[in-house]
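Next up is one chain by itself, shown in structure tokens, the form predicted alone.
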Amino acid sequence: MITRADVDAATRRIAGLVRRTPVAQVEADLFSPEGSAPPGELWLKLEHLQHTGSFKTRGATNRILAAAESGELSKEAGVVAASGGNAGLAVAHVAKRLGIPAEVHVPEHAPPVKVAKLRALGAAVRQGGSQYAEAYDSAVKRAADTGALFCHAYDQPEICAGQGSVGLELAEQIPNLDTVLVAVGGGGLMAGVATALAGQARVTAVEPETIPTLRAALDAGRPVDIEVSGIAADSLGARRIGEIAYQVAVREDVGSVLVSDEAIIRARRLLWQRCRIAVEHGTAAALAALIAGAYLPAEGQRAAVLLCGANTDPSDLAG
């Protein structure tokens, strides 16, 4: 579990090392289903402009700096991560900045654009297995064998607290916010944001129908393994929700809405066509909840969509 105090400490620790990303207000009816009442205000949090192209840099920076402060980090052994791409990029970015080695384990299906970026950052890339879970097992073993610091993609307190710093920013940028829509895979971002905004704004988790990690956990009363498939599996492809994320979701009453692959694809294309913003499919899931009517804001509501990652091949966004 994490607390607001953890998020506050993380925000102070990473200050100056991560970007304060902007927000943009868009016409409320741009992404509303036909015939529905648009929210009073619709905002986009442009976190895809963060270092390495995703929010993951916040958590990775906090995790590694906290470990350095506590003496847990060996500068010779460096850091190891398992990732569909974005978490690994974040870890590699921080490691390069600190001058320590980084090794990232990714599934075979990891997008080439992300693998190329990992190598450009100087990380050793180990590719194997069809799912994130296999990369995770490989990375954990490697960390144990070498003494490297293991950086979880989403289920470590320092990781979740670091991600929560984006929620504090959002609250400062948009006072009296009612709702934040957040895409969920392993749930680290949701856990951090829901903790940061507790008592201020409601957080709604948006999940692909093919990867409902939080919905499955809420139904079962605990995190459970699910099958992973679909268009957003490269970034939201965790097999189960993180324990921290599940606990925060229960504590803060975070609900889950599901969206289809078709809705995700449409949301991503519309975001490009109408706002000239290019994001990955996992990021577009949050916006898809509005477009498909899976989440219908109340009239006059002030809503924000957190655009969390942009490590994508934009070649299919013509138009």
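C-alpha atoms forming the largest set that superposes within 1.5 Å between two forms make up the rigid core. Each residue number is its position in the shown sequence, starting from 1. Everything quoted here is computed from the prediction, not taken from an experiment.
The same protein has a further form, the form predicted in complex with another copy of the chain, not shown here; the description that follows concerns it.
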Give a yes or no for residue 48: in the predicted bound form, does one of its heavy atoms lie within 4.5 Å of a heavy atom belonging to another copy of the chain? yes
Is residue 277 one of the residues lying within 4.5 Å of another copy of the chain in the predicted bound form, judged by heavy atom distances? yes
Taking heavy atoms and a 4.5 Å cut-off, does residue 12 contact another copy of the chain in the predicted bound form? no
Although the partner isn't part of this model, could you tell me whether residue 300 comes within 4.5 Å of another copy of the chain in the predicted bound form, counting any heavy atom of the residue? no
Would you kindly say which of 253, 27, 262, 69 lies with a heavy atom within 4.5 Å of another copy of the chain in the predicted bound form? 27
For the interface check, one of 59 to 67, 266 to 274, 253 to 261, 289 to 297 should have non-hydrogen atoms within 4.5 Å of another copy of the chain in the predicted bound form; which one? 266 to 274
Go through 117 to 156 residue by residue and record those having a heavy atom within 4.5 Å of another copy of the chain in the predicted bound form; state none if no residue qualifies. 117
Flag for residue 112, CA shift 2 Å or larger between the shown form and the other one after aligning core: yes
